[in-house]
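As a starting point, one isolated chain is supplied in structure tokens, in the form predicted alone.
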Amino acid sequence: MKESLIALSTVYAPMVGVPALLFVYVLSLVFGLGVLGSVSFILVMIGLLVFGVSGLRDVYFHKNNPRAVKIGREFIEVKPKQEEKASDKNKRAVTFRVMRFHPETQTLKEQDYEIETNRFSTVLDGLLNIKAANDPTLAVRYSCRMGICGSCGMVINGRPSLACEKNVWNSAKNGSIEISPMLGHPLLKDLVTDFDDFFERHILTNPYLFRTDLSEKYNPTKEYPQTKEQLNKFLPFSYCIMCGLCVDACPVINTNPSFVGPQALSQVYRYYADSRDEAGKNRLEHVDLLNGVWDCEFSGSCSEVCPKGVDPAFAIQLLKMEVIKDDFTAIK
């Protein structure tokens, strides 16, 4: 309390004293007090001189130190330490260790890039920043950037993933992320793979509904009704976005390229389980082969990496059960 009163007095006492002296000087003139008036006048001039010099000093000091705050007769500079710390917390340097495929030499070579990231950055954001600011020759495939198109599939820290769904800070280990192309598909350049064979396998499954009522098909008069149970039977398997992660994770198709693959087989079951489809028996005959459902070893790795929870491994086992039921029915 004592220190506060002293600080206030040092600031406001001169401000009060000068007007008071001016008042005394005016009274001395009115009442003819010559000595008192002269003394008051001298003191007033001294006070105004002191105020003028201190004011100029304050203006000059504040101009050169805009962050300074005057407390009493002293200026204290306030440094934005907290703001700097907050900004530092929102940024982090992460090393991207990218295994780049060079088609000229048919080899994979690691190349490191260190970039600044924030807590919302995805792996795809980081790769696009590298391409924009560090290395425009880096080849990356992407489209929607929100986990719908499935174009940005790659191997991140040894696991097939969508780059747009992987957060950099959560994925970084010891300040670095390992990124490589999917080896379950033919390589084109860097992180870009060839999906021609993948789409051909999908087309061979006839991924559409077969109907015998052609008149209703081409001139529809009403919708095909379905119960909730009929819908739930195939709906979980219809969320496939054809990203190819399940094929890259499958140990069978990577050792036996003739295997139809988890994505194609899961889509066979999706249309087989649809109550509106009328080609069920043909679909079962199409996959009742050694390189069809019977080549699946049920490792479950395809379902583990699926970003949409389609569970291709379960769909293949359901197809196996339907094939066995159909065979028993034929024997009877």
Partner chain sequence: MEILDYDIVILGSGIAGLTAAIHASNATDKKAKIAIVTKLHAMRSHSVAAEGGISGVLYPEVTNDSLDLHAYDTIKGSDYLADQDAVELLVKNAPKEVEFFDHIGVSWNRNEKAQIEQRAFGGMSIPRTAFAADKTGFFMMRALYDEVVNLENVSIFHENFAYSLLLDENHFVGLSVMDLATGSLRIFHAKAGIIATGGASRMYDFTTTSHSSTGDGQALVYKAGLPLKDMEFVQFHPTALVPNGILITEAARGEGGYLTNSKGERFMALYAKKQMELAPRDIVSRAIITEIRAGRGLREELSGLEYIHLDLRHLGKNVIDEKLPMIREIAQKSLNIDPVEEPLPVRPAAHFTMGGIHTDLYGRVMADEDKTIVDGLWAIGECGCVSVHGSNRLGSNSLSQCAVWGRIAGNEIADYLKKTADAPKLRKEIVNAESLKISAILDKKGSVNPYFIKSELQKTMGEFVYVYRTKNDLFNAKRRISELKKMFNDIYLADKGKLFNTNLRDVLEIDNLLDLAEAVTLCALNRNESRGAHAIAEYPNRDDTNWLKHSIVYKTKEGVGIGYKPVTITRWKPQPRIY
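Just so it is clear, the model here is predicted, and its values are computed rather than measured. Residue numbers count along the first chain shown, from 1.
What comes next is about the form predicted together with its partner chain, which is not displayed.
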- Message: I need to confirm a contact call. Of N254, N118, T95, Q111, which residue comes within 4.5 Å of its partner chain in the model of the complex, counting heavy atoms only?
- Response: N118
- Task: Indicate whether its partner chain has at least one heavy atom within 4.5 Å of a heavy atom of H286 in the model of the complex.
- Result: no
- Item | 4.5 Å heavy atom contact, G150 to its partner chain in the model of the complex | yes
- Item | Distance check, R159 to its partner chain in the model of the complex, heavy atom within 4.5 Å | no
- Message: So in the model of the complex, is its partner chain close enough to V192 to count as touching (4.5 Å, heavy atoms)?
- Response: yes
- Partner contacts for 134-163, taking its partner chain in the model of the complex and a 4.5 Å heavy atom cut-off: P136, T137, L138, A139, V140, R141, Y142, S143, C144, R145, M146, I148, C149, G150, S151
